[in-house]
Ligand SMILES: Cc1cc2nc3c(=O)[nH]c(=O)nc-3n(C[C@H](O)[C@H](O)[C@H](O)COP(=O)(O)OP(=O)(O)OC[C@H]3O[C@@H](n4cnc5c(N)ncnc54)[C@H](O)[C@@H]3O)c2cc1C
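For reference, the chain that follows is the form predicted on its own, supplied as structure tokens.
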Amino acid sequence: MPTSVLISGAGPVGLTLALELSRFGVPRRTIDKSASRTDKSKALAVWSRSLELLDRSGAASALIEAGRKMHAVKIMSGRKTIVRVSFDGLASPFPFVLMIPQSETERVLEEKLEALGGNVEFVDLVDDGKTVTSTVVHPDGRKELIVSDWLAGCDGAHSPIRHQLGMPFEGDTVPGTFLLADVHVSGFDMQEDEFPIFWHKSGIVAFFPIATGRYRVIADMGAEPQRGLTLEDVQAIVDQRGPGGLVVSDCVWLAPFTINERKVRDFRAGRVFLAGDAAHIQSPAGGQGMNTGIQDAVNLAWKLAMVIKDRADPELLLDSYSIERSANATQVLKDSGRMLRVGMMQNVAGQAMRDFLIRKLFGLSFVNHRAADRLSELAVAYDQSPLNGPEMKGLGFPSPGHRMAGFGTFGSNGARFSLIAADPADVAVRLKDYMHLIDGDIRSPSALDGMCLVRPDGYVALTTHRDGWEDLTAFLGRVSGA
């Protein structure tokens, strides 16, 4: 079978892209220099929006079965709660954050796929404007040329594809060193479905649940340690900054690390795309990194599928990938960086003022709800997207570029737009030249009067009145390149 899309990297981002392309019937091949999935916990949080998007392939239920639902995060000082952000009110079928080791996330996604090409290393590429020829090397030293229509670099923060393209990874390194420890923790007397982040005058320490009694502990350490880290170092930080009475043991992963906040300007170069850590890396505060990459993959997949199946204008759709996802990554970098720096504040007077203001601000319900929406990524929107069509206000639909909720799962039947129309019987006649772009299951707007076109990834494309057929045909004509 010819390879329409070559995916380099079989982490959560590459696997999601492969899963989505397979669901849309697009021939693809996935390679990775590692022979097997990671054995480390790595990224832990899968947020509500990612679960909504993964639900269409059936992966969400398998992930939930393997993970732990967390319904709130607490920021604490000793045993005193500064703020509690609840996820119970999220307008989603998944009103929680799922804690699951990355190794398990990869396992679930792998089980939905076939023919993963592990232990094949990417070397270089040639993009001639019509196809991409990639050179890869097998474990026995044998070289292979893979010709594909498109290449997706999902190959991590040190992306060989990004280096081949010569794309600058712009940004900064956060000063100081951080500690990561995968340990057993006893002595917690908190709710099992909540996780704490402790602010202390000497720094932060955060506990992210991995399994019953086991946590990822992250803390800032200041300068680079002069010796190797030990479990005793972790215990000392937990004693100093935590609530007291906690005991850490059974360490299976302990390492210092630095935090980089970087991204490429453009996620596309010709027939090559970057996604996930290859395109952006950020602070682990908020647990947004893997989720942002998963949503890169979902965004790219339906656009590639529409183009490959000759349904859509390649320049409009594929350029929109970079415009939409680069803007989103910029916002995630700002949000996660701000969260990290607020927690790491060192000035004692400033810390007291910070704690007071945060407690007052998050005591307002709308601020608390907004924070939950941002963390869960339900608030992701594409206000400046070139794919946004006209808007008819007053119909009750979200604005173009915003997530559509309450009408079930969009994109389940393939890479097609979904239409919500007051007069479904007229659709086939009025839009006869564009029915290849529209899901045949026309939805009723219920109490809403008018029409709404929804993208395969569940974001609104346009809204118009019940007789706004000209708006629809103009938009669909633009998408199809007519």
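None of these values were measured; they are calculated from a predicted model. The first residue of the sequence shown is number 1, and the count goes up from there.
Beyond what is shown, the protein has a form predicted together with this ligand; the following relates to that form.
Checking R430, R443, K42, R68 for any heavy atom within 4.5 Å of this ligand in the predicted complex turns up a single hit: K42. With the partner omitted here, the residue from Y215, W302, W199, F122 that has a non-hydrogen atom within 4.5 angstroms of this ligand in the predicted complex is F122. Considering this ligand in the predicted complex, the lone stretch of 240-248, 285-293, 185-193, 69-77 in range is 285-293 [heavy atom distance within 4.5 Å]. Of the heavy atoms in D457, none are within 4.5 Å of this ligand in the predicted complex. Under a 4.5 angstroms non-hydrogen atom cutoff, this ligand in the predicted complex lacks G171 among its neighbouring residues. With a 4.5 Å cutoff on heavy atoms, G156 counts as touching this ligand in the predicted complex. In the predicted complex, this ligand sits within 4.5 Å of a heavy atom of D277.
Residues of 6-32 lying near this ligand in the predicted complex, listed in sequence order, are S8, G9, A10, G11, P12, V13, G14, I31, D32, the criterion being any heavy atom within 4.5 Å.
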